[in-house]
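In structure tokens, the next block holds one chain alone, the form predicted alone.
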Amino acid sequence: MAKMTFDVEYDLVVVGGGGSGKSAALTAAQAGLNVALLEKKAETGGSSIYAEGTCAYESSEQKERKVPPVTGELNQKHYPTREDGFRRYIDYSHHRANPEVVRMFVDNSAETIDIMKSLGVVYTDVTIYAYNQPLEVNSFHRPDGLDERVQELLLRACVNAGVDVFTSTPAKKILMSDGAVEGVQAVDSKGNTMNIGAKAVILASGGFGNSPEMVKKHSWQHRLADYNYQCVPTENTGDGLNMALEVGADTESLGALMVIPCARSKTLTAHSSGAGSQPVLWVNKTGRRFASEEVSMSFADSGNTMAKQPDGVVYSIFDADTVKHLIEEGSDIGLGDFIEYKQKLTRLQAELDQDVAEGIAWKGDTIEELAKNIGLDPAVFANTVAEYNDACDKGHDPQFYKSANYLRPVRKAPFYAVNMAPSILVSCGGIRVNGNLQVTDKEYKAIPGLYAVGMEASGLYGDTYNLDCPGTANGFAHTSGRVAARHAIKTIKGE
């Protein structure tokens, strides 16, 4: 077979410029490899710029703090160990997680924190994500400036290390020869097709969460493709997965999504969205409750719960007293740094007034009027509210056993409804990999020279993102990128 000709050649090509891709590129460049990073958007960052904290176990930051600031059922007196993390991923996934991948992450996550610190990242806290989620472990390393700042520092380090960064340059095809990776075909910023030679390729394009077609085809939540509300402007459309499938990659554990509730047409930091995410009264299109609203303590679980409702439509119902409570006393549950625990939602009334005027939220002076304005059956909705208020008065929810401290009645006019929707942040079950992040075929044999990292890879999850170990997606991104690069370095150098 004639040797393939290329427009340019590198030791390593990384596809995707988010946290996992830049971590891989930096590691390889610092080891002396000639590295190209291809990013299809005009700027690097990907979904990582929306991340908040980084998960790690037995890190220097945890050791310095000694005692966690928040205790839960799983970590009463200590920060989580690697064993704690390993067991939690395996158990939470119902043993669908790949033990090799889990072990890779928990064993290498602490080093990720030290590397970030060497780049100038300052960690302000090591805690949990939701302060009232009892099963969370204190793995959430919060960087100053959140991960948007981390991505800035990573990009600077990549450029200083000599990585050639090509933006507006989407990869289209993995080039193979005799069953091994030979390079990547891409389209440059001027629309020209080019063949880039490489001894290894690392796929880091963030999964398929923003492709309705792929969500419908691959996810167990396939109906979500028809009513997903995209609250963050990412473009993770399955590029890496499609390219990997073309060269024989396996899709074991494919299909998990990270879903978060958000007020439709609003941002995650909007106070009306934050109010709608609280454990107040939730009803679906039938005008009835469908779950204990206490599920809101885990955005991943509440996102899944909302996604199962007809057309993904959920109305969050509260009255004037609850509006006052959220403004003056603060939120009952937090959404990380989007809506902090006990944050006073000072903009709530103004946002509600504007949303009602724009027809994206509803108001009524009576429960029946609110029902008519929303489009619900007034009698059914009024009965739901009456039963719920009775549960609030008694301090006992006989329908879903919601905790008494979250039973807040809907009694004082005016009454409000916020249209909540499930929003896919990223997919978190993709290409099958082994503990070295090598892409594998159906026999679990590695495809020589091909790697998948971050949300491109599967191995940590069952059907749902594990919020019991907060910061996992971001921590895994940076850690898996580095580990994959190190394996590629050894292979390329013949070590």
Partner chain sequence: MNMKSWIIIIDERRAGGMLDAAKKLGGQVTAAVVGSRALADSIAKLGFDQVLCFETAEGIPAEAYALQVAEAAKAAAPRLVLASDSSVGRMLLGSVAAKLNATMIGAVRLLAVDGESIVASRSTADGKLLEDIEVPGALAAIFDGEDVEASSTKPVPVELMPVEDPGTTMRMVETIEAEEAAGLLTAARVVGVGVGLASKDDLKLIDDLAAAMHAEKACTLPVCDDMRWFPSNRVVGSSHSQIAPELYIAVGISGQPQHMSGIRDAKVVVAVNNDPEARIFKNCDYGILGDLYKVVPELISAFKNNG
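All of these numbers come straight from a predicted model, not from anything done at the bench. Numbering follows the first chain given and starts at 1.
Below, we refer to the form predicted together with its partner chain, which is not included among the displayed structures.
State yes or no: in the predicted complex, is some non-hydrogen atom of D365 no more than 4.5 angstroms from a non-hydrogen atom of its partner chain? No, D365 stays farther than 4.5 Å from its partner chain in the predicted complex.
Can H218 be called a contact residue for its partner chain in the predicted complex at 4.5 Å between heavy atoms? Output for H218 is no: heavy atoms all beyond 4.5 Å of its partner chain.
Contact with its partner chain in the predicted complex for E293, defined as at least one heavy atom pair within 4.5 Å: yes or no? E293: no, not in contact with its partner chain in the predicted complex.
Considering non-hydrogen atoms and a 4.5 Å limit, does its partner chain approach C392 in the predicted complex? Contact with its partner chain, no.
Quick one: of E152, E246, E369, D377, which gets a non-hydrogen atom within 4.5 angstroms of its partner chain in the predicted complex? So the residue touching its partner chain in the predicted complex, by this definition, is E152.
Using a 4.5 Å heavy atom cut-off, which residue among D250, E182, E351, D107 comes into contact with its partner chain in the predicted complex? By the 4.5 Å criterion, the partner-contacting residue is E351.
Please name which of the stretches 261 to 269, 408 to 416, 282 to 290, 328 to 336 has residues with heavy atoms lying within 4.5 Å of its partner chain in the predicted complex. Answer to the contact question: 261 to 269.
Check P233, D355 and I360: does every one of them have a heavy atom within 4.5 Å of its partner chain in the predicted complex? Every listed residue reaches its partner chain in the predicted complex, so yes.
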